[in-house]
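Given next, in structure tokens, is a single chain: the form predicted alone.
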């Protein structure tokens, strides 16, 4: 462990040698509490997928702000804050979703006990360290290259009673409750929630990009979360935050392409849309033809929108949060 200026302490959780030379390190940055027993301990995790940069930037905003606060108002830290800004450094270095050389998804190794691979070892070390140091965890993610997402928190149904009140503090547009599925069982969020550590999974923007407006919104939400949980005790007035749209599985409509071609959208993410309004068109550039005019199937809020124009039949184009359960 290394002490730093402005009360920032750096912890090296695990280190290994890169196959091409150099060190691979999992780092935790810690802002300690002025109390012997912190009110709460909140951890922020980013970079599980190396092409998801929104969370890495959010960690930068958090560390920079908390360092200044620690230097000027150290008594504000009634709780403890941990920031894990780049937990999959190899993938981040190459800008890829998967851990290079192994081609493994680190966020599908969290429940794995027997895999001897380096990504699985890092995943186990991360889970163990979070268990020791955290009362609440926020896991930052971005979307893929195809779809752009409004700031949202995704919750698995079996944990919704504990997580929804926390999610409401985070300045999100949407809180989306999912049914449980086997695909979640190897993820960080699922495994920590099973271990009784409330973990919020944030999804926003699009991969390999940084949407500064969304990041600023989420950053303000994270500061609000720290204050409302008692981790930060500040006299400044609490800012007004968004009240998220809470949606359950039957309140989501997926719009899919009926043809392969180029999708040309003409709707804005976050818009309140009506049934029958035009989402966009799918065109055949070779023939100069419009293959399909895509319309909204119901009234609601557009919270996912396709950014990659090239489509195939059945490709997801949009998700709508419905005003009424269908």
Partner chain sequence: MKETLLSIPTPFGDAITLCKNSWEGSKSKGNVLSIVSGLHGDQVNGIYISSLLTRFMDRVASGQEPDYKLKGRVQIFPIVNVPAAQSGSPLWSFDDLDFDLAFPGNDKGEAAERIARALFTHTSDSTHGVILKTADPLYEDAVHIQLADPDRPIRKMAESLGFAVARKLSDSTTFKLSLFGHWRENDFPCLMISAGKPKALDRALCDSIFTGLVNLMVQTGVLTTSKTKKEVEKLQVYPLNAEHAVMSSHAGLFLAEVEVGGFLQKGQKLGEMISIATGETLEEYSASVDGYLVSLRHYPVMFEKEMIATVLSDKKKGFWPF
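Since the model is a prediction, treat every value here as computed from it, not as a measurement. Numbering follows the first chain given and starts at 1. Here, rigid core means the biggest group of C-alpha atoms that superpose within 1.5 Å across both forms.
There is another form of this protein, the form predicted together with its partner chain, and it is not shown here; the text below is about that form.
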Thinking of its partner chain in the predicted bound form, which stretch from 30-38, 273-281, 253-261, 64-72 has heavy atoms inside 4.5 Å of it?
253-261
Just to confirm, residue 311 within 4.5 Å of its partner chain in the predicted bound form by heavy atoms?
yes
If we define contact as a non-hydrogen atom of the residue within 4.5 angstroms of the partner, is residue 183 a contact of its partner chain in the predicted bound form?
yes
Quick one: does residue 97 come within 4.5 Å of its partner chain in the predicted bound form, counting heavy atoms only?
yes
Does at least one non-hydrogen atom of residue 10 fall within 4.5 angstroms of its partner chain in the predicted bound form?
no
Heavy atom of each of 18, 103 and 108 within 4.5 Å of its partner chain in the predicted bound form:
yes
Its partner chain isn't shown here, but in the predicted bound form which of 155, 130, 170, 118 has a heavy atom within 4.5 Å of it?
118
Exactly one of 209, 146, 242, 227 has a non-hydrogen atom within 4.5 Å of its partner chain in the predicted bound form; which residue is it?
146
So which bits of 70-89 sit within 4.5 Å of its partner chain in the predicted bound form, heavy atoms only?
none
Can we say the CA of residue 284 moves by at least 2 Å between the shown form and the other one when the core is superposed?
yes
